[in-house]
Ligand code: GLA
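For reference, the chain that follows is the form predicted alone, supplied as structure tokens.
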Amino acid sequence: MKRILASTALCAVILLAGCSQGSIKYSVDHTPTMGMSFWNAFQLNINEDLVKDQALAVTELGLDSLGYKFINIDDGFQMPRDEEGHFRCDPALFPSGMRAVADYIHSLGLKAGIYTDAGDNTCGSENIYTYGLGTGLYGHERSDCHLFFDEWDFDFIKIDFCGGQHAGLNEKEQYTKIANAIKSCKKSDIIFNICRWRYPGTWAEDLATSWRTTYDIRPWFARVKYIIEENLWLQAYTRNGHYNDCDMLEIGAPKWPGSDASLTHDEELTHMAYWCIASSPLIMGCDMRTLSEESLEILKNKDLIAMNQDPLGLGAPVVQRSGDVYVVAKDMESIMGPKRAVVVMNLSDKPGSVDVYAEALGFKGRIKVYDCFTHEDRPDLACETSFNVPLRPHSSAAFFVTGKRIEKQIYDASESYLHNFSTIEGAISPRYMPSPSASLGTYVSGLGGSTDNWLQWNNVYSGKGGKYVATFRYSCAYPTSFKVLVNGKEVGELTDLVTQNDHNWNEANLEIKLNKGLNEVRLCPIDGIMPNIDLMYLHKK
């Protein structure tokens, strides 16, 4: 095992739950959305001519042929509703009407996107400016959705929550109501993005194609770094054709008003590489007419786009870490297949490096490394054990690595799926918590207390199936317990688990049986709270 544990004591709790047994290849209906949006570059300064110019520029730059298909109109096109409550666009800004604009976008072979709020007022109106007051979906969910999709023929919608907060709405209830309104439309295959500026909750997967996970992005690295760091531990929630949205791409974006900061070339590469490996939507937030050749080359990187548009639609959990240098990886083309995408990032302000271990990437024996920045094989990095990646501050490296796969032994809590997880303000939720004593610097706390507050590792792979000993690293200041399910069947309980404090780790063992292929392991509460969980280590009996 090439990963060094941060503490000598191991304590564990185990759980496995339902899983597929047959083929381990699958695909999703929707890969991450690609296109451009107007908000970051233009904010409320939009009009019909600008929308058409930007759409045309996308095609003239050849970005559409690479998958950038969506032209998403953001806030600022609307005006107050009429006396009967009907939604209206501003005729001074869009004299031909929104259907004509959507038709023009479609005539270029592109898709048309639109914006609204889940509540009463839009975000750009700041609950003050008349144009956006009362123009949100609240109280008009079904009529507005039929207007946007059946009459105006839009294909995508971003739904904010500023007005939702203003109206005191419950996120899950209101977005569910909106999702039902969208489903009632004649038009099908509508892309629905929840813009709540936090991870809203696991309920979002049943409603939307994607959901924002953080505050808005800005074109300086401190904000990009914040978004990356927040999303590193949320990769289990990108699955089944539904995606964490890291917000718009600020590649080629001008300096933000009032700021002297903008992204360097290294920072733009790191920005693009992480968005791609994390399967985030790739929505450009710049003026298409003023893109530099350097930034355009990054946006058109076919290898990074292939990483993003891989049909598995997976997130990329952390597999190694050295301070602020992270290695993230995901399978491509087939689960446990010979090819993986790998991104190495230095998020610190100082030069750094990391020895990337083939075993940590899931390989045994000699590997082949392809560089997604230079588009060349890297025989100098081919190895049987490890290769070193030196990085400038804020820089990154991106690879396709191929070789013979081995069964994974360590399943970190930071890559697990938490059923009750949310980062919305005030939410009672389990948490991914930072700690230098945890194996990758992060553990899970706040599990239990209710029967549905559990942790699960998806895609636990066994080449032949059979009996394993599962070792779980845990900590808890007072006695706790939990039960373990494998593929939906309870296989045992671990009780009276206690350590001296929340950062003093111990370990517990349980014998389990895995099916051949993919399995799910779930840790569930028995009665009361569960211990903090750091990882699960599997070894064959």
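All residue numbers refer to positions in the sequence shown, first residue = 1. The structure displayed is predicted, hence computed values, not measured ones.
Omitted here: the form predicted in complex with this ligand. The next part is about that form.
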Practice task
Find out whether any non-hydrogen atom of W197 is located within 4.5 angstroms of this ligand in the predicted bound form, and reply yes or no.
Solution key: yes
Handout entry: D75: touches this ligand in the predicted bound form, heavy atom cutoff 4.5 angstroms
Key = yes
Handout entry: G441 within 4.5 Å of this ligand in the predicted bound form, heavy atoms
Key = no
Practice task
Considering only heavy atoms, tell me if E151 and this ligand come within 4.5 Å of each other in the predicted bound form.
Solution key: no
Problem - G124, K158 and R212 each touching this ligand in the predicted bound form (heavy atom, 4.5 Å) - result: yes
Exercise for the section: Sort through 315-323, 336-344, 115-123, 262-270 and report the only stretch with a non-hydrogen atom within 4.5 Å of this ligand in the predicted bound form. Expected result: 115-123
Problem - Heavy atom within 4.5 Å of this ligand in the predicted bound form - residue from D355, E297, E205, D216 - result: D216
Practice task
Let me know the one among A398, C286, A102, M248 whose heavy atoms come within 4.5 Å of this ligand in the predicted bound form, would you?
Solution key: M248
Handout entry: Comparison of CA distance in the predicted bound form with shown form for R142, N127, at least 3 Å
Key = farther
Handout entry: Sense of the change in Cα distance from I128 to L44 in the predicted bound form - at least 3 Å versus the shown form
Key = closer
